[in-house]
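The chain below stands alone and is given as structure tokens, in the form predicted on its own.
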């Protein structure tokens, strides 16, 4: 593909993000005229206080959160698929999302069983405790994966170990559910459905700053990722330290997943589907192209899913994971069919 076409597609992806942000600000269960939305964004006085709160405290933070979360998950999925050379590897493949879920389960379920009042009901304190527990659970699992990565050589073995760690975390969560109250289980299940609207107020600023720090670090790994595509033997002959490279890629991917899961819950399929869409769109595996394309494509697709979840006519909003699954599952089936077709 020529450089001009590549740049044009990148520009279209960037413009799609802007377009979907505008649509997310305009559309929702409450109809707000476009002129009033523009006035509210420009800081002009609005007679309708409710509209101002909806745009500034709900729709705008939700749109920015969706864009950043989608970009982070897409980049994380691309890193995982490259380091494991597995087209079905995703952000949750090493059990990092399960670690975040376990951390939240300890706050939502265990605290209610022991203390009588779950921390998730304590307003701001509850929100902060859920976020910190999710990050802590993710980082602990990631540290365990890093330790295992130093002991094993094969990517397949590490992949299986990550899946098993995820099963163990899910088993512990199942035990916590069994001994918890029905209201606490319901609160945990709602968190597990994923939502971009959970981030609000000062949390939005913190989340965006964290993602703007973490996302550029992935671009320093472009050369490493391209070498990993060549295979371990060839990359080692070119001077790449395979163990260190694998730890760097897994660490970068894991931290991205940890932060997104902590603030938005476990969002499925975005990290798995977007890299495949971008490879098919740009007809290349060069990470100098696919990585920025995945970042832009992930943000755009997350905004589209958030828009569908809040379409006018629905009371409230649909679970984001229900929408992302409808988008991502066909992509996974296409990958399996295409791979099988090539083998035949």
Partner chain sequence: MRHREETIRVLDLETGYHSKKGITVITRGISASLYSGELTCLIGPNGAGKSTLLKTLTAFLPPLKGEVFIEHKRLGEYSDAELSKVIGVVLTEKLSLNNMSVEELVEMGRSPYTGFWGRMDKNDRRIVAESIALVGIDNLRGRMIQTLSDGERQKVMIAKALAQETPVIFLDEPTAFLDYPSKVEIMQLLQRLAREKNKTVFLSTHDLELALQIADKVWLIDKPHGVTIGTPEDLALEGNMTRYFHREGVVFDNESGLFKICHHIDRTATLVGEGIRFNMVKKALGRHGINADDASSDGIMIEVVDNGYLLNGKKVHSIGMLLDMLNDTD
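This is a predicted model, so every value here is computed, not measured. Numbering follows the first chain given and starts at 1.
Below: the form predicted together with its partner chain, not depicted.
*Asks:* Which listed residue (226, 170, 205, 157) meets the criterion of a heavy atom within 4.5 Å of its partner chain in the model of the complex?
*Replies:* Spelling it out, the residue with a heavy atom inside the cut-off is 226.
*Asks:* In terms of non-hydrogen atoms within 4.5 angstroms, which of the given stretches 257-265, 177-185, 228-236, 70-78 touches its partner chain in the model of the complex?
*Replies:* Among the candidates, contact is made by 228-236.
*Asks:* Flag residue 135 as yes or no: does it have a non-hydrogen atom within 4.5 angstroms of any non-hydrogen atom of its partner chain in the model of the complex?
*Replies:* Close contact is absent here: in the model of the complex, residue 135 is far from its partner chain, nothing within 4.5 Å, heavy atoms only.
*Asks:* Going by a heavy atom distance of 4.5 Å, is residue 149 a contact of its partner chain in the model of the complex?
*Replies:* Residue 149: no, not in contact with its partner chain in the model of the complex.
*Asks:* Given that the partner is absent here, does residue 240 sit within 4.5 Å of its partner chain in the model of the complex, heavy atoms only?
*Replies:* Residue 240: contacts its partner chain in the model of the complex.
*Asks:* With a cut-off of 4.5 Å between heavy atoms, is residue 286 one of the residues that contacts its partner chain in the model of the complex?
*Replies:* Yes, residue 286 is a contact residue.
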